[in-house]
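Only one chain is given next, in structure tokens, and it is the form predicted on its own.
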Amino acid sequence: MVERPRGTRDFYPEDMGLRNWLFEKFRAASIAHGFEEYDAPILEYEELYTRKQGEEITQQLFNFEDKGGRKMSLRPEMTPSLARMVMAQAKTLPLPIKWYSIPQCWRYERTQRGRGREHYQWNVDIWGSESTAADAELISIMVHFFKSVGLSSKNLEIRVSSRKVLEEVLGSLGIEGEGFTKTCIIIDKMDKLPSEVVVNQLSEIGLDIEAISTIQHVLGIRSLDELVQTMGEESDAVAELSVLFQMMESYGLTDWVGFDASIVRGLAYYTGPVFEAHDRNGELRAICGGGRYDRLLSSLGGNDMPATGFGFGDMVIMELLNECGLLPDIASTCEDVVVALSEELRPAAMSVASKLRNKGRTVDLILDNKKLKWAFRHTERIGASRLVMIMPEEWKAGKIRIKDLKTGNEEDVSFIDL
């Protein structure tokens, strides 16, 4: 027996129903905030992901050489593809750009709860705006979605910080450039690794005990007031975060958000506010995350443009919705089932099904010879509302018998009036 590849998923019809429901919620939240949908190839040149990217992504690529000897990769995330698209038309695109997509992404990594080797990811990005209002708008979209699926601030929290906090702290310790990037990658794993492992990894990249102690202190801060006391009111990071939290208050998001200095995001291209959504019980990995990345284009050979965005995977949120009992019963899309009570009546059944479909109804035509009892059970199983029966005597009179499964009523209807 041929099995599906490790870390991938099959979507049976009931699974597709839930996936489509989730994607429509993603789309509705995006459209409500004035965003437009885009897409890009799932296959890109490997170089797009290895140019000054975070170390972890580079190690997780599904990469290979094609028949022409070119180094290719399945996309591990959408942002580099979006950056490539923006660069291609940077002089003609009206700014700001407000785009979203729901791509399939691939990463060769160890599978675990809420993390496969493939997943779908809702990406929402704003390009061309330096305003902190753009970052607040993204958090508003996230909350809009959470509310639309029945979640509340009692279920989850959006933890907010800024990469500038760490930049200022590490800068005061003389840690910049490549050292800064390596430090961020390690710190981003703090909630997944034992403390002693994190300390050892920071030591291995050249940080001394005093520097590690300072970093641990700052990353333990959980309020803006404490951040001000530690970094001072003149800090750019403090000023930026103060404005962002004021804006989120204007959106009515105060119950949903909290400051958490440990949120740094591991990718090298983040430059400002960063955020992640976590379940309040702390049982799941981050539900989604993102932040500002104003200097991405220069790493790809272009001219920088201010940008901010987030990625929101489909796997963890489905885990949370399932735990909270919020996954819906997906209703059938089929309205009518048409059955011919003999093989001779099959052409008539096809004509009836065609006419109903042309009228805009969704119709399942039973293709094989089945007894009426089977047709009733089938209609109930798929959740159709009517069973349309083509019967010998009725058809001779130009009529069709229709049973409404909701009311139990039956009536004969003229084919002409159908």
Ligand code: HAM
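Residue numbers here begin at 1 and follow the sequence given. From a predicted model like this one, the values you see are computed outputs, not experimental measurements.
Unshown form predicted in complex with histidyl-adenosine monophosphate (HAM); subsequent notes refer to it.
- Is Ala286 close enough to touch histidyl-adenosine monophosphate (HAM) in the predicted complex, meaning at least one heavy atom pair within 4.5 Å? Contact with histidyl-adenosine monophosphate (HAM), yes.
- Query: According to a 4.5 angstroms non-hydrogen atom cut-off, is Lys164 in contact with histidyl-adenosine monophosphate (HAM) in the predicted complex?
  - Reply: Output for Lys164 is no: heavy atoms all beyond 4.5 Å of histidyl-adenosine monophosphate (HAM).
- Gly272, heavy atom within 4.5 angstroms of histidyl-adenosine monophosphate (HAM) in the predicted complex: Gly272: no, not in contact with histidyl-adenosine monophosphate (HAM) in the predicted complex.
- Message: Please tell me whether any heavy atom belonging to Asp125 falls inside 4.5 Å of a heavy atom of histidyl-adenosine monophosphate (HAM), as the geometry stands in the predicted complex.
- Response: Yes, contact at 4.5 Å.
- Listed residue that, although histidyl-adenosine monophosphate (HAM) is not shown, lies within 4.5 Å of it in the predicted complex (heavy atoms), from Glu335, Glu77, Asp294, Asp279: If I apply the 4.5 Å criterion carefully, the residue I get is Glu77.
- Task: Just give me the single entry in Leu173, Val149, Met315, Met231 that has a non-hydrogen atom within 4.5 angstroms of histidyl-adenosine monophosphate (HAM) in the predicted complex.
- Result: Contact with histidyl-adenosine monophosphate (HAM) in the predicted complex is made by Met315 alone.
- Query: When you measure heavy atoms, are Gly116, Leu267 and Gly309 every one within 4.5 angstroms of histidyl-adenosine monophosphate (HAM) in the predicted complex?
  - Reply: Every residue of the spot touches histidyl-adenosine monophosphate (HAM) in the predicted complex.
- Options 93-101, 320-328, 107-115, 201-209; stretch whose heavy atom lies within 4.5 Å of histidyl-adenosine monophosphate (HAM) in the predicted complex: In the other structure, the partner sits against 107-115.
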